[in-house]
Every structure is written in C-alpha cells, then in structure tokens.
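Below sits a lone chain in structure tokens, taken as the form predicted alone.
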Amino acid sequence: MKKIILLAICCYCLCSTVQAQTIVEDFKPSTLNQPGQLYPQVNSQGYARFKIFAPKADSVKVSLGLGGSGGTVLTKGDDGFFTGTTGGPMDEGFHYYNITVDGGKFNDPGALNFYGSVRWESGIEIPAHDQDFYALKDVPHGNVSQILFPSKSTNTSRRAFVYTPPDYHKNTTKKYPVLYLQHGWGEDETAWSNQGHANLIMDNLIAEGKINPFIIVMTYGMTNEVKWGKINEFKIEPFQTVLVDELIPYIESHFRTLTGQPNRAMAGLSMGGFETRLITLAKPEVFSHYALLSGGVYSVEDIKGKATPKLIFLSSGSKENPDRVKQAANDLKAAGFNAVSYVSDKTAHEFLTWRRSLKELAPLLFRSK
C-alpha cells in the first residue's frame, strides 16, 4: 500500500512539473516595443520571448536574470534570427535588459530604451494583474515639464522634471504642496515618469478623488558618481545642498507652491530612499513627510528629539526584506509616530514594487486635518 501511495505521489509531482513547464502560446508584442516591432513578446504566464537578427553572430544571450547565470541563451536559425524564451515566468511589471552578441553588450533594437544601470537599457513590460492604477485612461491629465535650475554649488545648470496636477493651469490662484521624489542608483530624473508612471498614477488617483492634489519634483540625485558596490563612497552633503538650498527655492519661486515644512515631503526608491533618509534626518525642519521605498528604515532613535514628522512611510517588495519594514513601522507606531508600512505582493527590487508604493503613499500625503 505504501508503495502505491509513494508511486501516486511521484506521478503527481512529475505531472505537476510537466504541467508547470508547459508554455502557453499566446505571446503578444511587449507594450514597450519600438513602433512596428513584433519582438520581444510576452505571454499570459509572464514568459518573455526574444528574436534578434544577427546573421554573422555565433551567440546571443539576453540578460534577464533567468535561465541561469549566463542569461537566456537564444538559438540561431537558418534565417539568421536568434530566438529564445525565458526559462521561467518573470515578475509582473517593468524590467531592464540587454543582449550580449558574441561577448559585446547591446540594446535590443526592437525595444524602447530607459535609463538604468548608468546606461540606456532596453525595457520590457510584463502585464500586471493590477495594472489599472497606472494605466493611461480617459481622465484629466497633469503635465510633466522639464526645468533647468541654476546650481552655484556645482557650477552648472541642473535638470528636474515637475509634475503639476490637471487643474494647475485652470485654477491659477490655487497653491499646492510638493513631494520631492528621488530615483534609484544608476537611474536619473526621467525614471519616475518613464519607468514608474508617476504622472499616470497621480492622474488616476486625482480622478478617483482619492488624494489631495500635489506637485511632484524629480531631479538627478547624484553629485559625485558612485560605481556599483561603492555606495560607502557616496557623500550626501553636495546633493543635500543642491536639493535644499538651490532646487527648493527655485521651485517655490517659479511654481505656485505652499511653502514651509508642513507642505513638503521627500521620498525615494532604493538609493533615493537612502538619500531621503539622510536628508530628512539632517534637515527635519525642511520636510514633514518621509517615505523610503525599498530604501531602508528609520528607527525610533533616528527620529527622537527632532521635529516630529507628520508621516513616515516604509515599503518593500515581498521578495525583499518585508519583515524589517513592518517591524520598523510597528516600533515607530509604538513610540507614538504616525508610521505606515506597505509590502508589495510577489515583487522584488523592481518598479512594480515602487509603482504600488507610490499608489499607497500618495493618499497619505498632505491630508487635511
């Protein structure tokens, strides 16, 4: 009897494994493809398929972190196209990738490019089951404008992007609070709009009446370049000067903002969270709302004795270190601070985590009493 049961269990496991490895052939072009390009493609399970024309090449790989440490190896056909499918489904949301052709690193000519990893990388979007909150909808839209502001400390003009809500240019007497929102390491001030869809998230939340509208300012967070693995060499003081002494005064003199500490928030993802933590602790008189998105935590000792923030928001993906985030928020709440934690389900250190985090954060900012 035991042998029969064991055999049945083995057969069930084998069948389940085979079933799990069956790829559904409902592939469609990624929404981030170049106009008219059919590849890369994604299917309903989250697999990605690539097709690269390289007739004189001997090997082509895709660096998506799947299919082994060497990436997803593509197979060459008689027509000169290399084709292959990831070894498993990918997390929902946005992912950077590049291709290696005979040892050289290139971008996929079929995909749009996004600035990440200190270079322009190809991007692919795996449709998320909850993507409606960052979808482009028929609702009033805000504006994302590029500004160049003078920076005496760096002896140059620096760039920032500013999101203004849909009614900003209609009601010209209204003033708005401001969120200063930072990107991650290797990215730049385009990331939150392009990869993060921050403007669409805001448009949709405003249209649904879920938030008090506010302005978002996104600028480049690096004043001294730091290579991967050299984070200890990064010094926050130069960027702190740019943000607090140069950018904020520029924004408040060129946009209709509510000024003063109660009307300013700072948030950042990953290294942007690291920057946010350092600056908010050093300048508690400047910001009243703090948010770290996969960017560390605050302890009770960090906040004690300083100006009490109106909100401390901590988040991560469920595949990161969610227990640390939740415990930190619980400790802060127990000490009397308004702290909130959020964990993005089934995501890691990636943009779906941060899109979801912004969606959860935005309704908590600048609440009316």
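In case it trips you up, residue 1 is the first one in the sequence shown, and so on. Note that this is a predicted model, so its numbers are computed, not measured.
One more form of this protein, predicted in complex with another copy of the chain, exists but is not displayed; see below.
Screening 278 to 286, 263 to 271, 129 to 137, 236 to 244 for residues having heavy atoms within 4.5 Å of another copy of the chain in the model of the complex returns a single hit, 129 to 137. Contact check for 52, 106 and 146: all three have a heavy atom within 4.5 Å of another copy of the chain in the model of the complex. 250 is the sole member of 81, 176, 250, 185 with a non-hydrogen atom within 4.5 Å of another copy of the chain in the model of the complex. Checking 308, 330, 34, 44 against another copy of the chain in the model of the complex, a heavy atom within 4.5 Å turns up for just one residue: 34. By the criterion of a heavy atom within 4.5 Å, residue 208 is excluded from the residues contacting another copy of the chain in the model of the complex. Using a 4.5 Å cutoff between non-hydrogen atoms, residue 99 counts as a contact of another copy of the chain in the model of the complex. Residue contact check for residue 200: one or more of its heavy atoms lie within 4.5 Å of another copy of the chain in the model of the complex.
Within this chain, residue 299 is remote from the site of another copy of the chain in the model of the complex, having no heavy atom within 4.5 Å.
With contact defined as any non-hydrogen atom lying within 4.5 angstroms of another copy of the chain in the model of the complex, the contacting residues in 113 to 127 are 113, 115, 119, 120, given in sequence order.
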